[in-house]
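Listed next as structure tokens is one chain, alone, in the form predicted alone.
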Amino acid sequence: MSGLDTAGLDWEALRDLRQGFLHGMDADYWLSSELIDQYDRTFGERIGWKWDHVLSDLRMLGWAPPSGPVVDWACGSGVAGRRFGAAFGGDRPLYLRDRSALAVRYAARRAREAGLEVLEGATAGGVLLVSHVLNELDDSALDGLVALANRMDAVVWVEPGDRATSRRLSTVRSRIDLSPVAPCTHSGACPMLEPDHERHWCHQFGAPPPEAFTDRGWGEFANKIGVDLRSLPLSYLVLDARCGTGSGSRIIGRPKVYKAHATVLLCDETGLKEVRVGKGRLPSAFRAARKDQLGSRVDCVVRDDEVLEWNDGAPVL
């Protein structure tokens, strides 16, 4: 990532875009190639940081995409397709879909500049990429997207980390006939949707690059648009016809840190549970929780809601 050059940015137009994204827009908001480019350099780059987090998690899990094409659905400026190509290689043809022909042309140009092969036409199979669309889809449009997902070999879907969007994404999981890969650690019903867990939602926090904190342009963007670049909440869903999840637990959200312990919300095949990481029993894990440096996927041993072993099976102290 490089610094953000704010010269020529239309701050009013970018603020209008953000309000539309937050509250939903029915009309085509891509009014010019210049606006798409400004979006791509600002909001699009921040979405790219979220994709970097998800794709890094997939590589850590040892996941690789199936052969075949990549479909970037509702591509906008094409951030998802470019980030996916950079992470897994650009040898898969890329198909771009968007209701805006202007956006498709912009995304295609940027993809080709990145060395990706862009094709036209319809396709089934391969990998479906979906990014930040749920608050714009009514039930009928979502039904169509789910039907497309069921014709694919894998789906990588990234959304904002707010409660409403995340819980809607959890409902999508049960409608797609592919095996969960991430963030799920099990293939059972999503425990978030159980009546006792209505206050929870499946979300993670990505790490913005250092330039988000040190670059003058990004600081100006954060101040003028009102975006907190320090926080990168996201929800996501990865499904695959070939394989399912592994073992372990997934940390949901951020730990709550107290004087002598931290509480962590874990999701695994047994459901959701809040557990305690004691400062005296597991000092390294407690320090990581205090610094918000816990990995999102862990192996641990829990007894009576108390963590006895964490990550690498560290012995009880």
Ligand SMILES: C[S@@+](CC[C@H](N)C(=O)[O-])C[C@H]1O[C@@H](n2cnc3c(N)ncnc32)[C@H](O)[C@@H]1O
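Numbers for residues come from their place in the sequence shown, where the first is 1. Please read these numbers as outputs of a predicted model, since none were measured by experiment.
Note that the form predicted in complex with this ligand isn't included here; everything after this is about it.
Q: Tell me, out of Ala241, Ala86, Leu137, Leu193, which residue has a non-hydrogen atom within 4.5 angstroms of this ligand in the model of the complex.
A: The residue in contact is Leu137.
Q: Within 4.5 Å, heavy atoms only, which of Ala147, Ala207, Ala141, Ala124 is in contact with this ligand in the model of the complex?
A: If I apply the 4.5 Å criterion carefully, the residue I get is Ala141.
Q: Find out whether any non-hydrogen atom of Asp215 is located within 4.5 angstroms of this ligand in the model of the complex, and reply yes or no.
A: The answer is no: Asp215 has no heavy atom within 4.5 Å of this ligand.
Q: Against this ligand in the model of the complex, would Gly76 count as a contact residue? Criterion: heavy atoms within 4.5 Å.
A: Result yes; Gly76 sits at the interface with this ligand in the model of the complex.
Q: At 4.5 Å between heavy atoms, is Arg199 in contact with this ligand in the model of the complex?
A: Close contact is absent here: in the model of the complex, Arg199 is far from this ligand, nothing within 4.5 Å, heavy atoms only.
Q: Although this ligand is absent from this view, report whether Ser131 comes within 4.5 Å of it in the model of the complex, heavy atoms only.
A: Looking in the model of the complex, residue contacts with this ligand include Ser131, since a heavy atom lies within 4.5 Å.
Q: Any chance all of Val264, Glu269 and Trp310 sit within 4.5 Å of this ligand in the model of the complex, going by non-hydrogen atoms?
A: Checked in the model of the complex: no contact with this ligand for any of the three.
Q: Of the listed stretches (179 to 187, 68 to 76, 147 to 155, 165 to 173), which one has a non-hydrogen atom within 4.5 Å of this ligand in the model of the complex?
A: Every other range fails; the passing one is 68 to 76.
Q: Going through 97 to 128 from first to last, which residues have a non-hydrogen atom within 4.5 Å of this ligand in the model of the complex?
A: Heavy-atom contacts to this ligand in the model of the complex: Asp98, Arg99, Ser100.
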